[in-house]
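In the form predicted on its own, a lone chain appears below as structure tokens.
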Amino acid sequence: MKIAVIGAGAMGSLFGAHLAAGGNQVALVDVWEEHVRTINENGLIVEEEGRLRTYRLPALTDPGSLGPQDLVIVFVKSYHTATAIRSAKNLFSGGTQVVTLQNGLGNAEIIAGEAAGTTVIAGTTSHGATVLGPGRIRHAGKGETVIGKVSGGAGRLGEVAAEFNRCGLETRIADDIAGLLWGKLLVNVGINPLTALCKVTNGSLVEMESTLRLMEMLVGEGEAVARAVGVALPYSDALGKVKSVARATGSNRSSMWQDIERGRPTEVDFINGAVVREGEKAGVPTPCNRVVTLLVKALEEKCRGRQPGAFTA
């Protein structure tokens, strides 16, 4: 298959490497020039289970030289989705399938709007990966990937899942992808902003009474919104699920905390901000998620000196 990965951070690089090793024609697309140059010169080095492996595949900062692809995988930060898809229109044809495994809600809809005529597939993945430096990542943990069709034609969903599995990326198809996306969202809703605001690891959140109470309110609001919009969550105890994930990833520094420390924008608009927007549509109040969204955005503005973003309280 001809495959382009838009957003070659840790996860994009990981998926691209495995799919290229399986014999696919894969190209990585990313704006990080040093990362792209290093991959082209030295290959992509992946640390897995204590061993180093070098993968050879092309990387580009501009996808303009690529033609239509069989599959496009999107891993950019949610706030870059629309711009990234617009800049890569040459990758799409009527037969192109687009997979988003990004955080938050709304990415699939943005992609469908920008790449009309394609089949959009959304999903979640439990793989863990970290960027160690230009051209080098660590595969921190293996996990299942779950995908489902969101929009477009009948597509070849089974073909995508089969190819992922063949290349060592365990994947299954789900009929109710909306429930899984909301399930993943609630985990991020209850963990990411609190770690960023309190500057603590995931595990610390379940060790303090105050953060536990905040987690309960954030997740409770999200759960109420999910019910109101007719989404069936993949578990009966949402708060219990979030707590278990926090404990299981106890030493993890969330991506939102890392973004704040590095002076980068966060994905809070697509996580807690998404709960607020969907709550407004459904008539469900979400005061805790609204306040937390604004607090995270205040940190962003303090660290970056930027103007308020897309979310409006």
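Computed from a prediction, not measured in an experiment: that's the story for all the values here. So that there is no doubt, residue numbering starts at 1 and follows the sequence shown.
This protein has a second form, the form predicted in complex with ketopantoate (KPL), left out of what is shown; the following refers to that one.
Taking a 4.5 Å heavy atom cutoff to ketopantoate (KPL) in the predicted bound form, the contact residue among Ser244, Thr38, Thr61, Asn252 is Asn252. Note on contacts: among Ile191, Val225, Leu218, Ile121, the single residue with a heavy atom within 4.5 Å of ketopantoate (KPL) in the predicted bound form is Ile191. Taking the partner from elsewhere, Asn107 is found to have every heavy atom lying beyond 4.5 Å of ketopantoate (KPL) in the predicted bound form. Put simply, Arg136 is far from ketopantoate (KPL) in the predicted bound form: not one heavy atom of it is within 4.5 Å.
Although the partner is absent here, Asn202 is a contact residue: one of its heavy atoms lies within 4.5 angstroms of ketopantoate (KPL) in the predicted bound form. By the criterion of a heavy atom within 4.5 Å, Lys149 is excluded from the residues contacting ketopantoate (KPL) in the predicted bound form. This chain is displayed without ketopantoate (KPL), yet in the predicted bound form the stretch 252-260 from 282-290, 252-260, 62-70, 45-53 comes within 4.5 Å of it by heavy atoms.
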